[in-house]
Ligand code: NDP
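Encoded as structure tokens, the following chain is the form predicted alone, with no partner shown.
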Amino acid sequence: MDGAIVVRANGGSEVLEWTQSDPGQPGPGEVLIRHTAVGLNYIDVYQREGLYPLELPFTPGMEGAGRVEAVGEGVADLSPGDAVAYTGNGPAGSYREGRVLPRSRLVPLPDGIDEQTAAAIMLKGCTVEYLVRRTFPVHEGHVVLLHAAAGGVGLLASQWLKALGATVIGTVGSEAKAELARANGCHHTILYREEDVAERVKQITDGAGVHVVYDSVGAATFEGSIASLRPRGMMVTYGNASGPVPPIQPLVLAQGGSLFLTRPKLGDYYTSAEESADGCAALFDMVTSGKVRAHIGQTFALEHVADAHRALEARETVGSTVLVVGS
């Protein structure tokens, strides 16, 4: 039997229960992975609370990394001991020591990317990949407003955007986080608790506004984000850390200058093995080239994940949080 986190009722971090569970053995086309590191993401909180409802009971977690323990019939390209990782284009369940997954969900790790780094970048890095390459393809000369620039996605996105030649304006909650964001690619930072974001954006851009906003915060930042866009700019709202965005009238987009609004999710950009392979390859290329590096701000033992959730919700974390398994 292996250790696993189970949620039997939606609620606060106290519903994250450490228990014992049998991961089973791999069937045809499947692999049993022994986790060594699991990534923490805000979607885990949404699922725990019930904002993104899952059938109870369930094990949270959308990404992980570890070693192959056993392979099922028909899996010829992986062997026990191989280092692999996976991202969130499938059902939850990574908060456990061992897990059986379809071979199609696993990506072999290249040399130079260890398992903790993989756990820190898979979902967050693949999110950045589709946001900057496919939702709004960023090119040299674009000006970008990036919320939560010192968070796990934010630090990866800042580096990737800078490598693409964009000017990056990042919002952060403290001067310490501003320093971290600037060290990772932000050209300008805005302290959102002290400054009016849209007003500062207009100052920085000489009144022009930004080409695109990447906003994972949600309700608290939506209006300021819309006001920060230039005509025909795109508002990309991809998270709800402060709560869901309330309904808006389409006329608001016309009044802002024929704006575009989208609410993407990773699963719609990683719909096939081919798309997943392409996205992961782009991410790994950015990391192994040194253009993007993971920032693991804190680690927690998997069985203490409730502490990690509380820190994440209190905005006390920086960069990526990794849950260490079996330590």
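Only a predicted model underlies this, so the values are computations on that prediction, with no experimental measurement involved. The numbering used is simple: start at 1 and walk along the sequence shown.
The form predicted together with the named molecule exists for this protein as well; it is not shown, and the discussion that follows is about that form.
Okay, which stretch from 235 to 243, 77 to 85, 109 to 117, 181 to 189 lines the named molecule in the predicted complex, with non-hydrogen atoms inside 4.5 Å? Contact criterion met by 235 to 243 only.
With a 4.5 Å heavy atom cut-off, would you call residue 303 a contact of the named molecule in the predicted complex? It does not: once the named molecule is placed as it appears in the predicted complex, residue 303 has no heavy atom within 4.5 Å of it.
Heavy atoms within 4.5 Å of the named molecule in the predicted complex: does residue 216 have any? Within the cut-off, so yes.
Looking in the predicted complex, any heavy atom of residue 228 within 4.5 Å of the named molecule? Looking in the predicted complex, residue contacts with the named molecule do not include residue 228, since no heavy atom lies within 4.5 Å.
Give a yes or no for residue 15: in the predicted complex, does one of its heavy atoms lie within 4.5 Å of a heavy atom belonging to the named molecule? Flag for residue 15 set to no.
Candidate spot 134, 161 and 284, all three touching the named molecule in the predicted complex (heavy atom, 4.5 Å): Looking in the predicted complex, the three residues 134, 161 and 284 all stay beyond 4.5 Å of the named molecule (heavy atoms).
Contacts with the named molecule in the predicted complex, stretch 116 to 141 (heavy atom within 4.5 Å): Contacts from 116 to 141: 123, 124, 127, 130.
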